[in-house]
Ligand SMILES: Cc1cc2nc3c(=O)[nH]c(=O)nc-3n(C[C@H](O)[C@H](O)[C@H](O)COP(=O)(O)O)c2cc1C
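What follows is a single chain, given as structure tokens, in the form predicted on its own.
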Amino acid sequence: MNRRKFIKNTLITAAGAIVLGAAAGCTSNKITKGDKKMKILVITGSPRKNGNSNTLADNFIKGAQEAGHTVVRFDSAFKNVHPCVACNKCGMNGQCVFKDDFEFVKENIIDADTVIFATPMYYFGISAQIKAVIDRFYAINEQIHIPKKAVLIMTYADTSATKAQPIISHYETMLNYLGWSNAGQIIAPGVWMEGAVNSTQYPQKAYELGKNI
């Protein structure tokens, strides 16, 4: 796929997603439950093993596994994922020039029914570790441009809802482009120090979302 076709498809997909979303009257925090047992890929972005977003990911996974779903986890902060360098050797549907831990993501995301993005807010955006993984989606663009569900789990120290909006907008724009549907969002404000989220309602909310995805 050349760049002109890529831009054209992006505009068409985004426009279609906006129309469909408006017609369905979707809400960003809706939790849906189905009978199908799914394969779920959880991608985390925190470099703190016991960080707040990782804690919420743990609780989501617990709920999803109890519901009978198969869960695969990729902790990007502890893996070797080279940033995309825009060489375009992959042609958006081929082998990336870098042979690293992204191969695990590639092997598991294509047939995943649901993809979870769990990240802390770093300087008003998603963490660099998880962003590197998302940027590498470029090499498998055509293979993942199929209907899937997605969930955003995000923690941040601030308490202003407006501070969370850039990450939410990035997530929703990405889903619109890929043709994926939002299956829920856990946005946890006011948590900074490691373990702070444990005294909030959000671990339970993450568990329930995993249980009812």
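Just count from 1 along the sequence shown to find any residue number. Since the structure is predicted, the reported quantities are computational estimates derived from the model, not experimental observations.
Below: the form predicted in complex with the ligand, not depicted.
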Taking heavy atoms and a 4.5 Å cut-off, does Phe124 contact the ligand in the predicted bound form? yes
Applying a 4.5 Å heavy atom distance criterion, does Asp158 contact the ligand in the predicted bound form? yes
In the predicted bound form, does Asn54 have a heavy atom within 4.5 Å of the ligand? yes
Hey, in the predicted bound form, does Lys37 get a heavy atom within 4.5 angstroms of the ligand? no
Only one of 82-90, 99-107, 135-143, 115-123 sits within 4.5 Å of the ligand in the predicted bound form by heavy atom distance, namely 115-123
Contact set, 175-213 vs the ligand in the predicted bound form - heavy atom within 4.5 angstroms: Val191, Trp192
